[in-house]
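Quick setup: one chain, the form predicted alone, written in structure tokens, and binding and motion questions come after.
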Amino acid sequence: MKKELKIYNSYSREKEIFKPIHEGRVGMYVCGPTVYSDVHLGNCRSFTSFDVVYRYLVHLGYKVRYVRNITDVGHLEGDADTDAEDKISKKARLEQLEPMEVVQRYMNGFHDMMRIFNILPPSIEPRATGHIQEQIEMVQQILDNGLAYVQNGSVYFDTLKFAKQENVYGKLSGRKIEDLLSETRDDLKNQGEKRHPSDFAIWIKAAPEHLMRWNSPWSAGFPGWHLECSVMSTKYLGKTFDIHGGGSDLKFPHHENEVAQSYGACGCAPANYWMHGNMLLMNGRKMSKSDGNSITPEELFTGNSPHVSKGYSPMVLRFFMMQTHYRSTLDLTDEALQAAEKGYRRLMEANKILQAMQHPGKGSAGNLDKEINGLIDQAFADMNDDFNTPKALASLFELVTKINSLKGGQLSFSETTAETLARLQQTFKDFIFNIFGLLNEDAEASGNGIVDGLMDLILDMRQQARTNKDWGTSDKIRDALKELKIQVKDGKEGATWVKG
């Protein structure tokens, strides 16, 4: 079943039917990390959201070119004309390292964390420092088109001239350009090198002590942060591509300036659909190190934090993130994580039961059959509605109830067909592992099925003991498993087990 996919477009502020530029193919660009520090949970949430988008597009049959960059130069801590410092250069100076040592260390850490969360690697992962020449060329194009100016070796984008010419600056972020246009020249005194406060650097002249610099027609310097994404997205996806994604904090100035740069260079919009994920809160408030309201991924895994009562596994965290729509704020609390852990285990246990089911071969397309197919269709409809993972999960959990009722005998296979059971088995597995990107951590920890095999043997021995009325052996096995925190559940079709 392949119905119309709708995406909420931040640019139009409406859900729109997704129509790729090239049928059957999708070009998607997502802003990657600035690698000057350890990846934080907000990053993990954002990249998990777009991982699900990527996975679902692939599941729908699209051939996706997914580009996610690495920012390894040019991300300033403020405006270029206020002597702001590049974040990576600053880190290198403080730690007495080469900038590329800083980049490599934190890039390795970022990749490790993406693997831990089972986030698929992009098709292309370009780095800003690997595309300096292309960035210089785009600066020259913008200058040639009269939408930038050179000041003391730095090059600035002329936002007021652009706003008058194209009337799109501010549309993505909702920033009111009229407020900027109403300012007088008298208001602009002491604004540094820029002609207007909203102008932004696309090439920055390097100070003598700056560690990262390249020769250009204007100065020895480095590109502005916004420029790299304009260059690398269009280099690998074309001047206009399908989807551009990132966190909501990037709408302004980063994405707004990307739009301006593309128009300035080629007179065209960079992307047809803009997607923005919302922020991660903790205990109802914005995360902040200064007031102690923060937690790292590692602290969540180990439980070494006053904000959590125990450690939580990466897949529990991934499951937790998908319980909220990507455009909504996500509030991380210990209680919510405990509930997510139970939900994740219930989902995995249901899948284990489902995949072991065999239809007896006799059945009809009755009410149960219609209900199961209806819930499967609903899960796809939820995903087609702007990738609504919490609603799709709700549909899956309704199916969990059906699965457990079939296992327990409250529902009968006679009310459904073998084809529907096969569809349920395949779809359930596809959603959990291929679309949501969850891993079965018990199976992963079991050594590729060795533990599963041993448990099957133990449960067979227990069943044989029960058949022979050897209650002593049966109880001994049960108690030993309980000590190992393994729960055994007896059903009509035999015993199953679950950890926890």
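Worth saying up front: this structure is predicted, and the values here are computed from it rather than measured. Throughout, rigid core stands for the largest set of C-alpha atoms superposing within 1.5 Å between the two forms. Numbers follow the displayed sequence, beginning with 1.
Only in words, not in the display: the form predicted in complex with the RNA, which the text now covers.
Colleague: Mind checking whether each of Thr48, Val52 and Thr427 has a heavy atom within 4.5 Å of the RNA in the model of the complex?
Modeller: No: no residue has a heavy atom within 4.5 Å of the partner.
Colleague: Hey, in the model of the complex, does Glu441 get a heavy atom within 4.5 angstroms of the RNA?
Modeller: The answer is no: Glu441 has no heavy atom within 4.5 Å of the RNA.
Colleague: With heavy atoms only and a cut-off of 4.5 Å, decide whether Asp475 touches the RNA in the model of the complex.
Modeller: Yes, contact at 4.5 Å.
Colleague: State yes or no: in the model of the complex, is some non-hydrogen atom of Gly284 no more than 4.5 angstroms from a non-hydrogen atom of the RNA?
Modeller: The answer is yes: Gly284 has a heavy atom within 4.5 Å of the RNA.
Colleague: Within 4.5 Å, heavy atoms only: does Glu16 come near the RNA in the model of the complex?
Modeller: Contact with the RNA, no.
Colleague: Which one, 298-306, 247-255, 356-364, 216-224, holds residues whose non-hydrogen atoms are within 4.5 Å of the RNA in the model of the complex?
Modeller: One stretch meets the cut-off, namely 247-255.
Colleague: Considering the RNA in the model of the complex, which of Pro390, Gly146, Gly374, Gly192 comes within 4.5 Å of it through any heavy atom?
Modeller: After the contact test, the surviving option is Pro390.
Colleague: In the model of the complex, which of the listed residues (Thr417, Thr129, Asn278, Ser154) lies with a heavy atom within 4.5 Å of the RNA?
Modeller: So the residue touching the RNA in the model of the complex, by this definition, is Asn278.
Colleague: Taking the RNA as it sits in the model of the complex, which residues of 290-322 have a non-hydrogen atom within 4.5 Å of it? Please list them.
Modeller: Heavy-atom contacts to the RNA in the model of the complex: Ser290, Phe320.
Colleague: Using the rigid core as the reference frame, would you say Ser37 shifts its C-alpha by 2 Å or more between this form and the one not shown?
Modeller: No, shifts by less than 2 Å.
Colleague: Could you check, with the core superposed, whether the Cα atom of Trp471 shifts 2 Å or more between this form and the one not shown?
Modeller: Comparing forms between this form and the one not shown, the Trp471 CA shifts at least 2 Å.
Colleague: Relative to the superposed rigid core, does Lys482 relocate between this form and the one not shown - that is, does its Cα move 2 Å or more?
Modeller: Superposed on the core, Lys482 moves its C-alpha 2 Å or more between this form and the one not shown.
Colleague: Between Gln464 and Gln358, does the Cα distance in the model of the complex come out closer or farther than in this form, changing by 3 Å or more?
Modeller: Here the pair is closer than in the model of the complex; there, farther apart.
Colleague: Might you say whether the CA atoms of Gln358 and Ala465 end up closer or farther apart in the model of the complex than in this form? Their distance differs by 3 Å or more.
Modeller: Compared with the form shown here, the C-alpha atoms of Gln358 and Ala465 sit farther apart in the model of the complex, by 3 Å or more.
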